[in-house]
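Have a look below at one chain only, the form predicted on its own, in structure tokens format.
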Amino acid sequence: MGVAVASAPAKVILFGEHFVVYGEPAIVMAIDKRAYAKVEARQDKRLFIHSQNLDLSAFFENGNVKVEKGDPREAKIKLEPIRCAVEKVLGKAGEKVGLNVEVTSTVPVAAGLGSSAAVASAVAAACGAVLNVKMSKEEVFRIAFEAEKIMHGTPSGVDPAISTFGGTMLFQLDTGFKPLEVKAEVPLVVGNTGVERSTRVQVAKVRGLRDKYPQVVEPMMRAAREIVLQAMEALKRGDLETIGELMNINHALLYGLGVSDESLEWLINAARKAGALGAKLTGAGGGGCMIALATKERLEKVLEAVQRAGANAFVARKTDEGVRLESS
């Protein structure tokens, strides 16, 4: 019983967001921004959770919550998925142990980058290490998925999967995940509009259009599938130019469905003007984040342009490492 630290990566959706809801494939990539969880055993039986990014902390004991820091209602809602992940691992350990759980993240929260799933994966792995519960990645994924359900109702499972396993994946509702081999570096600029958005609202918007204009929207869905199939080949070849062009076309489809907004367009145009190979929104849209693909030579230029356009932006690269224990 000591201390353990684990981390798990955030993700971007490269292709296929929104269309994935209707059974089309999407390509998701883990990026080198990680969430960290430090877990240590306590002398008493209480569970203490502190999230640095959210500036919230609370004690949990026998179904009671005592909020120490932050808005009580917010703390209960936002720390609940973490509590769920911890309880699942405690259940496997079969003993009642008090724990301190400290969460820090280099991932912007609520920006569509899978921050909550990365936190849940890291928490599950760190708890397992402290409690000496041997857990496969498969089990960490399942626990993170349960935690995500508390947060998002009916998540696709794509966020916990990519946080746990890392790498690049093809995801489809009926077939689940398939790892994709990507040899090339995929240097991205991620720009956060800072505009809060609701995934639910954006998904409903697309559903409304599809119901109203099925003959128009269904061919768009087929085009989105074709983009993913061609992007898979381009990623295998390391053909960044094609990937960029396909990103632009994918974004145009999303724009056509009404899920882009002024804050995103502003950043996407800035990135393209600065020489990005391609740029698009990533995730739900209506705010949140955009991504731009650039060659190594132009990466800094694109980053600066996106920052100048008002975004909180950073460079991200793909990471093949999923959840991992840091030094315990």
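Throughout, rigid core stands for the largest set of C-alpha atoms superposing within 1.5 Å between the two forms. These figures come from a predicted structure and were not determined experimentally. For every residue, the number given is its place in the sequence shown, counted from 1.
There is also a form predicted together with (R)-mevalonate (MEV); it is not shown, and the following applies to it.
Remark: of stretches 60-68, 36-44, 276-284, 293-301, the one touching (R)-mevalonate (MEV) in the predicted bound form is 276-284 (heavy atom within 4.5 Å). Proximity of Ala313 to (R)-mevalonate (MEV) in the predicted bound form falls outside the 4.5 Å heavy atom cutoff.
Mapping the unseen interface onto this chain, Val158 counts among the residues with a heavy atom inside 4.5 Å of (R)-mevalonate (MEV) in the predicted bound form. Taking non-hydrogen atoms only, Val203 approaches (R)-mevalonate (MEV) to within 4.5 angstroms in the predicted bound form. With a 4.5 Å cutoff on heavy atoms, Ile13 counts as touching (R)-mevalonate (MEV) in the predicted bound form. None of Gln230, Asn100, Thr199, Gln172 but one reaches within 4.5 angstroms of (R)-mevalonate (MEV) in the predicted bound form through a heavy atom, and that residue is Thr199.
Counting a residue when any of its non-hydrogen atoms is within 4.5 Å of (R)-mevalonate (MEV) in the predicted bound form, there are no hits in 26-49. If you fit the rigid core between this form and the one not shown, you'll see the Cα of Leu257 move by 2 angstroms or more. In this overlay on the rigid core, Val20 has a C-alpha that sits 2 Å or more away from its partner position between this form and the one not shown.
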